[in-house]
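The chain below stands alone and is given in structure tokens; this is the form predicted alone.
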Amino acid sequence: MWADTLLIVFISICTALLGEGLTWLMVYRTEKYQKLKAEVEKQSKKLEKRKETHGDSLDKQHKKKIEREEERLKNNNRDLSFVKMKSMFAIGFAFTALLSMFNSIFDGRVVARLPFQPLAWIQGLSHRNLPGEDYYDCSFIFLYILCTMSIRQNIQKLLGFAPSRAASKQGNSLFGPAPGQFK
């Protein structure tokens, strides 16, 4: 079981590196991406500075300026996401094929033992294709997803591809707060 677990962690590291390599080839090194990223960084820092300067005592004019800047930042962030989209489809297709292959290799094998019993709605994934009713047993797909999610983000940070703290702080991600939060 330990050998399978370590093999899955190694596979996750390799696929994360492969994914970031492909993304670098298709996106990160392009001039359009670099311009948009620089613009998002600049706007994020400017907006953060303006919010810190004025604090909670904003009059209508300052609120409008901040809302306009937030809207511009949101549009640039959307454009940045569209630039990344083409590589995400290619990587998604490749990883689906790899995932299918590895899933068939580890099908029905317990690859790890969880220190907790997963929530009922996660048990279908964590115990997928495993015999028995011991929900502490972990399937390949669950361990692979957990490893890939954590490893890929760390590799992005290590290689400098992750968004800066200023851009992340502005909440300009898919689930961030909407512009106009000062109304």
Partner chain sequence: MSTKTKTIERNGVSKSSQASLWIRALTSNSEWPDKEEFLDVIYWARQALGIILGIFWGLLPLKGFLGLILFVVINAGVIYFYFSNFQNIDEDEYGGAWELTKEGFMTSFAGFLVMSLQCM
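Quantities reported herein were computed from a predicted structural model and do not represent experimental measurements. Positions refer to the first chain, counted from 1.
Separately, the form predicted in complex with the partner chain exists; it is not shown, and the next lines address it.
K.L.:
Tell me which stretch of 59-67, 149-157, 29-37, 124-132 has a heavy atom within 4.5 angstroms of the partner chain in the predicted bound form.
P.N.:
Of the options given, it is 149-157.
K.L.:
Looking at L99, V83, A112, I91, which has any heavy atom no more than 4.5 Å from the partner chain in the predicted bound form?
P.N.:
Looking at L99, V83, A112, I91 one by one, just A112 meets the 4.5 Å heavy-atom criterion.
K.L.:
At 4.5 Å between heavy atoms, is L143 in contact with the partner chain in the predicted bound form?
P.N.:
Residue-level check for L143: yes, a contact with the partner chain.
K.L.:
Is V9 close to the partner chain in the predicted bound form, meaning a heavy atom pair under 4.5 Å apart or at it?
P.N.:
Yes.
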